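Next up, structure tokens for two forms of one chain, structure 1 and then structure 2.
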Structure 1
């Protein structure tokens, strides 16, 4: 059922005020601050109707009203007036990204830093591995008798965090032979394609099957989300919100937001094509603390998803600001990464 325009307007004002003040909002304050042309009694009637519909709740009979999870969702999707960032804020984002854009990890870290600074909430993010990333060069560097470092150059970056074990008795010549065979076989292929290569594809390569399998293992590690792909910033920001005056709430919040594995599950499985995503803890998401809201944006460059970043904070969150920041950061980040 569609709400009347007036109900929408009133609901929007309630959410606005509650986000601003953290205090249950009363009919009187609504008429005084936003609706000078109707009486508080009328507003009371509307409020009680909105309560009936599940958008508002009351702590007790004589208290003001507080928005429900339903109301916040409607607010973000329909009611909220979109915020614009100031020149200064946009310049700040640009500055941060441009001063250190060489290293992808730095960029990721900076993304959460900027988001947390500008929103004043805890920010979380995860860089999504790109299974379509294509291999250009593959190189082995033996540095111990039985271990070699695998260097993989792709279109976008240099992967250098995996090791393979070298079979006993393999000479340096054989290893560099393996290198050139594999290079020829794999270059131009995406990670996913490499992982799907069937055994019996190529005669000349058959001698290096073990090495090949090791490399596939290494690629698989790159293709999965790992704790090292997760970043978090500003965990202490939650304490600035008056509803977090309760130690047990803080503890609950921190026990999620200081642990990379938990943040990883928090951000896992976010829809691919949805840009801004709002999840509210009371709404049945197991991983999100009950009194929290998680707002995320999924960023892409050159048509592939590069990561999910967002903000976790009280349900009563400044969604206008958060959405504006996430969108602007996304725009700038995507433009930087697309230009490569």
Structure 2
């Protein structure tokens, strides 16, 4: 059913007030604060109608109304007035990212910190491996007789902490030659191109095929999103919300943020643009507690997706602030990385 403009206005005011106060909203408070030209009787009738339509609930017969999940969904899609960040907040985002703009890993790590600090909610994020990232240099360092540490220098970062098996009897000189051959032949190729090289590889790989295949496996590990790639900040901020005085709600919340596999599932599937995606617990997302919401955005630079980030918090979330922060962080991050 299409809501009248008056119903939309009243519903917007209820959601705004409840987000601000966490107190059920009465017809009296609505007329006093927002709707002085509408009688209390009319507002009461409209509140009752909105309740019948499933947008409001009443905890007790004598109390005011609180928004339902359906109300929050309509609020975000149609009723919410976009917020603007202050100049101080914009400057803070720029300062944090400019300090580490040459180190993509640090930029990614700082993204969740910035989002959590500006929204006062728990922030979550996962960096997205880029299959088009190109290799510059490959280095091998013998660790044991049968093992070598692989360092892969790309156009954006240094990939480390991966080991490959070294064929039995391979000398240091042969390992160095393999490094030189592979580095020369793979330089300028993307991860995806290297991983798709078929078995009929160039004769120059002769004698180093096992080394090459081990490097490919290492790249596949880098390109796979792992639980260790999930970052979080401000997990304790949920306790600042009055509805989380209930220990059972805290347990439900912790059941999500303490399990990175659940967070990975929640952050998966977004597109390449800075597209705001709102997931409300009662909206068919089993991973989210019914009293929580997740708002995410996917960020990119130079057409390359660099990760999905967002906040998870109470369903009574300040969506105006959260959306403003996510949009501005994305725009500033994209601008800085593009220019660098």
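Numbering follows the first chain given and starts at 1. Since the structure is predicted, the reported quantities are computational estimates derived from the model, not experimental observations. Under this definition, the rigid core comprises the largest set of C-alpha atoms superposing within 1.5 Å between the forms.
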Only one of the two shown forms is the form predicted in complex with the DNA, so please name it by number.
-> 1
Does residue 261 count as moved between structures 1 and 2, where moved means a C-alpha shift of 2 angstroms or more after fitting the rigid core?
-> yes
Rigid core fitted, then: does residue 306 show a CA shift of 2 angstroms or greater between structures 1 and 2?
-> no
Does the distance between the two CA positions of residue 220 reach 2 Å or more between structures 1 and 2, the core being superposed?
-> no
Give the C-alpha shift of residue 47 between structures 1 and 2, in Å, after superposing the two forms on their rigid core.
-> 2.5
